[in-house]
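First structure 1, then structure 2: two forms of the same chain, each alone, as structure tokens.
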Structure 1
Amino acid sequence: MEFSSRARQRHTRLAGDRRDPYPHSLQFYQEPPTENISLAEFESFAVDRLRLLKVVENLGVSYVRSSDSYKMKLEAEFRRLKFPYKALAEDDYDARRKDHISHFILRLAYCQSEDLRRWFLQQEMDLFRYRFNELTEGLRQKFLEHVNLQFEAISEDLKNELANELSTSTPGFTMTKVKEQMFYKVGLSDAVDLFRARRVFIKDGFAFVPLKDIDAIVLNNYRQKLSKALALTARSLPSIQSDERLQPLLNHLSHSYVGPDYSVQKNTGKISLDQIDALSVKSFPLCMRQLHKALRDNHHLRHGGRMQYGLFLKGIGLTLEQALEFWKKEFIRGKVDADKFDKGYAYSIRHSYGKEGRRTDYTPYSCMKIIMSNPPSQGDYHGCPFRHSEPELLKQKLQSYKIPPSGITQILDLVKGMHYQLACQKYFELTHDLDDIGFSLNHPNQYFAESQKLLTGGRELKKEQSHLGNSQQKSNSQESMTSTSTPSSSNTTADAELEGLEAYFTED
């Protein structure tokens, strides 16, 4: 690690006290940070951790968690984002501090709803599990002592004495394996699942748990603590929400997308209106295909649908003039007359192109935003079909689009597991006759761009070169993850502004 001379001075001067607040690279995040930080650091720390958690999520779905691929890729991300990883305490202070602070910031952002809490808890647990298992035995023991988990490793003598019992009570442990691995003495209440199923040796009210099962126990402990903390945080949220500097950032974090924002299109003007019908079938993600069809069928879309679809169209290259023509032609076939269109809807289309009012150039919605915010109600067609449609209806729709039954089953399984974007990726694969999508989907415009690339020969159709020879695994080397663009601006306040405007022109 490189130090500037100033940093080196700081390092040597504070070496003693620095280590104290963060004696381990890992922690249970029980004490919130108390120092002052700048808003800039606040934001960048939070965004980096969010990136890390998203990587954790993606890798967790695509790879077996203990596999080398998983570990390698996650490690790379740790280094890149400067989170604590296998460094000596003295060298790791900044990373540990960042880890500490960023966790607490994200708690604020992710405690606000059941969905958010669940997501955050899941990723933080996976993160913790990975880091815990990467520790050396000695560090692990020290960490357990530090967090007061009374799991003492039993002595070699005791282990030898109990070797036979340990081996007959712990599945998968021959006498040899017993001799090799550490065993810990754990209270019964901490090892409930093991002890109820008689998968562990118990004596005098204690369970003797092998190292490989300890992480499950520690993890359970961590989950309980974090779950409680999140609930508590949610209760104290109102006071944080009143801070004007923080609330927009927190809001935006929980809806954020960290990739290209498709706001500036190189392809502007390259699409013609009469192509849209065909494109909607071939290259639109399901959400946009659905919106387009609803628009054609009903000659109308409500506000949510207009925003989601309209911005998407902008992202694929429709100019303002094209957009105005497109929407007007369709709305006129419905109940809206030309005059009314020009007075109301046209204004808001120009607004979303940045030609009116605040003149913000609105960016097309990312998958995250579509999935997490503004769920559709009766009569709406926006949202993410994988998230918001009834599975039965989704199934019917996919059948009508001639998706093969096995593919539909796979999609529905992913939906059940709440992996909506992966379900959409599967949809991409099925509609483009691919084994492997080859990228990680998180934006509808990305879907479109990739689809077009494929169909127009911009990228060769090739089978994924799997590192482990397992054709089920996906590569995660995609452009979007390495983007350095700042997160897209929050559209929430702007949306509200537009909505107010719309109400003025009474919707049907």
Structure 2
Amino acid sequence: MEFSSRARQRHTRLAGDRRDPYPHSLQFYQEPPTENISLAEFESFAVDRLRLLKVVENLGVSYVRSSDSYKMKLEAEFRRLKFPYKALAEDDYDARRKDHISHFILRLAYCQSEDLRRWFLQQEMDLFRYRFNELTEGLRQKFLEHVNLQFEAISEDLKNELANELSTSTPGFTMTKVKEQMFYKVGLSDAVDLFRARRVFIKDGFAFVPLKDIDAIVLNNYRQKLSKALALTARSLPSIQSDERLQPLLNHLSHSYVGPDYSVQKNTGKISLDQIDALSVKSFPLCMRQLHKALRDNHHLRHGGRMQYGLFLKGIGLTLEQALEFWKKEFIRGKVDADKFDKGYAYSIRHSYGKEGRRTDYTPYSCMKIIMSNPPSQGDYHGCPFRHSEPELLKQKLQSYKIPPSGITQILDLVKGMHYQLACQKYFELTHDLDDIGFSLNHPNQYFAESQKLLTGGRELKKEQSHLGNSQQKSNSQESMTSTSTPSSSNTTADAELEGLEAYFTED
């Protein structure tokens, strides 16, 4: 069934059509959406789900997943973003629709590489685990039937009859715990892993699985289905790449940053060039500290490093005139003379400030862009040290910065789990003597701003007394746009529609 507008959908439901495509608040996302949606809604749904998955990632590392704090914070995010956080009332159609469509949009965006697929799979698994465990007994049974997993909850009489066997066959289960826990009768083929590990009671060809393990069986089933679906969707990439409406949006989403806009330079002209060395030690994230040190040591950075570091400096407040002076002073200390700098490098600096070429005011790179784009090669210093450095080299660098051994171990564990932004958060906590950072770190300029808030007690940076800085600040304030937390796209229009999304999720 296809609909061209939301109004028709609502009218159909009110007219008594009970063929609701979302009979349950939870699903395995096996059927792709078939309705038409606007590009604006397409991007809005995707960005909201991406925010939700980022929260899932951060909470999964910061809290025990079954803890009250984890559940409370995640439920608050579900409510804020209007996703179905548990089995809601029957009129939660819009939330379920958003959940369904947004999953498939991000599946398109995150099927494009092995790293993206792995990250998406892990966050969706954690999200599903939370939602499944929040279901009541009756709704859990309905969901299992809905996805054709026929696990029957055993009666209290049968459980009491088998209490001794269940206690001795299920690790960690006393008789009291057996009486408290619900058990399911599961076919052996679905409980092979539990059977091999001798963690389950077997009788008459069935495994009697406690509730705490039934979610592992359901999750494993979901993982297999989603992993296969991602691989299948990846095969459709050529057809997606030929779609001029979709491809820019999907590329943007897979490298998307959903926080404040740091192209709006609130501190323009308030930082002097003499402060940069000290700030690089106190308030720069590791990626920018690495670039600054390389520039001071070698008096040169390649293009990737100049772009990443130059736009970061622009974001923390360097005016165009300051940037030209800063880079020129450093480059002429090396093998570049003043004339060569003016002819070969000054143009690109002016270009990044929107003063040359198409007059594009370039935005400082987000963490996701640095992690996913343009990996450094030999002789390069850009990129994310947590993503692109060898573990031993990263360990040596952290030791040189006086990070304690226990902190280095924590960071390396996060890196091993591919939680690169969380590793940077841990670095922030260790260098600022914090137990909990209290926010999700997604941008190098956010790192700098939060560091300065802590170090200055929330005071603004002292303004540099320079007419150049003042004039540049005035110029930039006139040209700046209001910051927004939603990524923009040049081809997002409210009246444009996307049709037939299901074509991208089916085999040729």
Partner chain sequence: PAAFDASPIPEDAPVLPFPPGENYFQLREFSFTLRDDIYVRFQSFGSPQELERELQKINPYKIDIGAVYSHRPSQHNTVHLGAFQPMEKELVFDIDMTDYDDVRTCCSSAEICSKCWTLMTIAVRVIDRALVEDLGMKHRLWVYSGRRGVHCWVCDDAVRKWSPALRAAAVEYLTLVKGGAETVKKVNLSEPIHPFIRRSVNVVEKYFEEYALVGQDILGSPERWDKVLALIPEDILSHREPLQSDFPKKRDSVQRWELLKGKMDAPCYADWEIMLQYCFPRLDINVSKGVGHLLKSPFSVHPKTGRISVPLDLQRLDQFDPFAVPTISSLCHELDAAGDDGEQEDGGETEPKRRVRDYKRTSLAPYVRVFEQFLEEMERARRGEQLRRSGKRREEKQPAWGPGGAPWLWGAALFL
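Throughout, rigid core stands for the largest set of C-alpha atoms superposing within 1.5 Å between the two forms. For numbering, take structure 1's sequence and count from 1. Predicted model, so just to flag it, every value in this text is computed and none were measured.
In this pair, the copy labelled structure 1 belongs to the form predicted together with the partner chain. When the rigid core is held fixed, the Cα atom of Ala234 travels less than 2 angstroms between the two structures.
Taking 2 Å as the criterion, Gly310 does not count as shifted between the two structures: its C-alpha moves by less than this amount when the rigid core is aligned. Gln112 is not among the residues whose C-alpha shifts by 2 Å or more between the two structures once the rigid core is aligned; its shift stays under 2 Å. Taking the core as reference, the Cα of Asp157 moves 4.2 angstrom between the two structures.
Lined up on the core, Phe173 has its CA atom moved by 2.6 Å between the two structures.
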